[in-house]
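Single chain ahead, written as structure tokens, the form predicted alone.
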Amino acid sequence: MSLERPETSESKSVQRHSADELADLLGDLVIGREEHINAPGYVIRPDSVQETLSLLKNEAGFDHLSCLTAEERADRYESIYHMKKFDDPTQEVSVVVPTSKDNPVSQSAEPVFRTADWHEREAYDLVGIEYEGHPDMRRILLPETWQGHPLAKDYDQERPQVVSLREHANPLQEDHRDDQDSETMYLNIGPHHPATHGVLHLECTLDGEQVADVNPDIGYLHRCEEQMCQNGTYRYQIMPYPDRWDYISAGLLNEWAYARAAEDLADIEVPEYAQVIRTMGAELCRIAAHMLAVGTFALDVYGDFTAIFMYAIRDREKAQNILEDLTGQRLMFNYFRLGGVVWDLPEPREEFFEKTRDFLEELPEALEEYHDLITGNEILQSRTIGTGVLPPEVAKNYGATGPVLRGSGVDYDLRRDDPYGYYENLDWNVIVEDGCDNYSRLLVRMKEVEESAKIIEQCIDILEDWPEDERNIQSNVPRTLRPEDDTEIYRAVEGAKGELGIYIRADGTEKPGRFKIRSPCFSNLQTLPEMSNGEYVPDMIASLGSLDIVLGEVDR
């Protein structure tokens, strides 16, 4: 396991391309131009998706397909591929693929980016666009028997649905029919199982004791969060929802994803004082989320409630107590507001600072205890080192982000690479491990707790010295926000589990015309078959635990 500091983005030299240079590169593939906030948009024909995305990936370096948004417009369907560079995520580009209303068929991007597999299946499931050449074009969130597409304009929400229980078949049975040395068996894990971290169904095909194939079956917790956001006003009614996507403890991180997108869309400034509070609160949430991830990972590996789980919950509770003092809520915070935060630090401030400092002072000793119990434990090492291997290029191709990507040696963190909040003014490090296995992902989370503590400590120092008459927690924001019609934006933050992004298309009203959530868990979970095929069943459970998914954010 290498602990050498990898190359940082500061030392990278990433070539930038102007919008016109990219248009020249794409040539006749471009049939129209659009201007999205932060990203030039190129309109292409539905039969040239693979050629266009390949050129942008291989010739211009846009190797991260971060988001796919599908929607039905008045006269057409649209698929919007939002691409970035892992080496410099501030370089962004949008590829817009319109299709006709009577034949919504577009070429699949899956041969270019593996992450398009699930994203295109979701677009087909909810909107109704079909992707020609897709290897597995079927529903992903709703049952196969579902009638209609819920985000299509002609969808009848009053129509009753009959959801039948499908009989599962062993997909590899035919492959091994004549092989006398191999027998495959179908095994269902979940959707209600302690190892699945929520309502997740794993359709596993075993060859003896080894995993021959695994298909994550999701959608049991789908709540149409995007559609609910489309029915809410920008200023007040959307902010309570992000807490519920990752309902574990990453609430403020989620709220920041929406706040960042909406504030850039409406050109809203946030006071510096409020940015410091946001940064401090977000890192407390990251600690709480990572504590639960570490505790449940130990649960997955050892198969029993251990001292590690109880210790992790104990320290997570301390972070939760501080967040409760700050926000007034314990889990669903609803603390951010467009333009700042809802209220200042709790009074007496000295007591709040002292409580937070006590937590930070106790943290190093607690982490040392974790290292003795977990990372230094021979049994855990034998179960996690060399298992669930995810090479860096495979992780990037699937759009994996967060500790999953950094555990594969890829130095990518939006807090540093696409700065927001107060992060760029603070002293901290991005944690990267290059083991690419279950152990590396555990190490990344534990070390990120230490970095979060450093950030919080610096924020407290700044807040303590902030002049009382300059504590501005909110900027002046109009009561009703109506961004200009057809304004489009994609913005993301570094959530506890990776890149959490929001795409918004404004339609000139006080509600979004399209609201799309780019969930890190959704893309990360796609990598499970790559990590598990050929491994033993307990290793697959450890790999799933190392992804740290929450199904509320996968299904949305």
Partner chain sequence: MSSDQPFVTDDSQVLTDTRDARLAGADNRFNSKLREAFGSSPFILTKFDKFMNWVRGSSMFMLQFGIACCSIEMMHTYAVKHDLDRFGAGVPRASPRQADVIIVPGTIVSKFAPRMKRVYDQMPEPKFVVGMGSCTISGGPFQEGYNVIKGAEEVIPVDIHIPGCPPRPEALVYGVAKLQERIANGESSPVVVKPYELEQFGDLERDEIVDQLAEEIDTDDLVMRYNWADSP
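Numbering follows the first chain given and starts at 1. Given the structure is predicted, the values throughout are model-derived calculations rather than measurements.
What comes next is about the form predicted in complex with its partner chain, which is not displayed.
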Considering Y335, Y370, Y247, F352, which brings a non-hydrogen atom within 4.5 Å of its partner chain in the predicted complex?
Y247
In the predicted complex, the one of W428, Y241, Y422, F359 near its partner chain [non-hydrogen atom within 4.5 angstroms]:
Y241
If contact means a heavy atom within 4.5 Å, which one of 222-230, 373-381, 460-468, 394-402 is the stretch that engages its partner chain in the predicted complex?
222-230
Give a yes or no on whether every one of Q157, S164 and L292 sits within 4.5 angstroms of its partner chain in the predicted complex by heavy atom.
yes
Can you tell me if L142 lies within 4.5 angstroms of its partner chain in the predicted complex, counting non-hydrogen atoms only?
yes
Any non-hydrogen atom of M310 within 4.5 angstroms of its partner chain in the predicted complex:
yes
With the cut-off set at 4.5 Å between non-hydrogen atoms, does G303 touch its partner chain in the predicted complex?
no
Any of the heavy atoms of L253 lying within 4.5 Å of its partner chain in the predicted complex?
no
Residues of stretch 317-336 in contact with its partner chain in the predicted complex (4.5 Å, non-hydrogen atom):
E317, Q320, N321, E324, Q329, R330, L331, M332
